[in-house]
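A single chain, nothing else alongside it, follows as structure tokens in the form predicted alone.
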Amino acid sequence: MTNCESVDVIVIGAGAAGLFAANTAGKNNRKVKVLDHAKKPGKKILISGGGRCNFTNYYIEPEKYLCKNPHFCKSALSQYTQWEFIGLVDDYNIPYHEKTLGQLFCDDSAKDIVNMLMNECEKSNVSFSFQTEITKVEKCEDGQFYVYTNKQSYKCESLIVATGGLSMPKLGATPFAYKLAEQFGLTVLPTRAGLVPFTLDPVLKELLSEVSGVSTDVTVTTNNMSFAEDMLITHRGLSGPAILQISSYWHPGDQVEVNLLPNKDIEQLITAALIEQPNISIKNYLSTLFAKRFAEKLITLFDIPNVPIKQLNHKQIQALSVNIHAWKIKPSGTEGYRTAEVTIGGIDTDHLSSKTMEVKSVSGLFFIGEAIDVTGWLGGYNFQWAWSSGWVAGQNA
């Protein structure tokens, strides 16, 4: 075969997982080549966390990941922990802060993380080929993988696939990993958008559109899962951390319950207010608990008579309580992969060794990161999965 470059390890994908796998394999004196169809590395890293990259979380736990096999992620997460990645960030003197709930963000820019990863790859003599389209991958009788591209051909002993899922197609997301997995006889579980805003039916959307931009602390629940964080009303529907989190547990047709006042009891509050300010209107009273525009909208939404609170009867107060503490919404859908932060589903982990990420039936073939059926919560969990799964594959490739 003419113009065929021979290396030890090829990594397909120069995102978080791919870069980490590459520098890890390189540290083990493996000759590593990274192939990517983009012009530059780490595109998703650069836009994550509003450009500041929520690179990990203090509270990484296997329970905060969705997977058909809930035990699968334990080994990788324990082999390469958040503390080790934080140590690497510290080595590079990258300033960072905890925003909320253990979420760690760069003080300055996500570029700091990409530069760190590229620097690590450089130290490990990893080479790159960008704007490279892969046309064919095969494993031959000599046990080597042959990777054919629009530029040249490569052969390697170990092939690490880190091309991600379907989320954010504008950044170049493709189903490449799934197609390659199927080529080698692996099952790909159904995929859907995760960590994604909800869309609403036209009536509710129209009603709430006038208060888009309002954010409020809520607890949202569906399918026995709850998250207590901010909810943001948008001109398209509902977003904010609480909604993004619950979206991963939601399926079409499911109802979502929103507690708009999670740390208080509206009945108790009104009972107290009846003594202190019985003549205050319900709208003005709700404005002491919520943003004024939102309080006005709740009056319409829940069909509450705007009268002095002393005129509310017990039944009306109970109805208000149910609406405030258990507002039931049936989303019409999600915004889909266009704005989703992750892809749920993907390559079935039953085919992979949890200790190495290697395909059990194809020696030397590894799948890591978002391509496989492991999805973390919002807040740095998916980046930590990229680092951990990349590290174990890099160690074993």
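Since the structure is predicted, the reported quantities are computational estimates derived from the model, not experimental observations. Residue positions are given as counts along the sequence shown, with the first one as 1.
In what follows, reference is made to the form predicted together with a small molecule, a form of this protein that is not presented.
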| query | If we take heavy atoms and a 4.5 Å cut-off, which stretch out of 140-148, 287-295, 158-166, 75-83 is in contact with the small molecule in the predicted complex? | reply | 158-166
| Any non-hydrogen atom of Pro262 within 4.5 angstroms of the small molecule in the predicted complex | no
| Any non-hydrogen atom of Gly102 within 4.5 angstroms of the small molecule in the predicted complex | no
| message | Is it the case that Tyr92, even though its partner is missing from this view, gets within 4.5 Å of the small molecule in the predicted complex, heavy atoms only? | response | no
| request: Evaluate His351 for contact with the small molecule in the predicted complex, applying a 4.5 angstroms cut-off between non-hydrogen atoms, and reply yes or no. | output: no
| query | With the partner absent here, would Asn23, Phe366 and Ala397 each sit within 4.5 Å of the small molecule in the predicted complex, counting heavy atoms only? | reply | no
| said: Exactly one residue in His37, Arg30, Lys64, Lys33 has a non-hydrogen atom within 4.5 Å of the small molecule in the predicted complex; which is it? | reply: His37
| Selected contact from Val214, Ile134, Met118, Leu200, since only one has a non-hydrogen atom within 4.5 angstroms of the small molecule in the predicted complex | Ile134
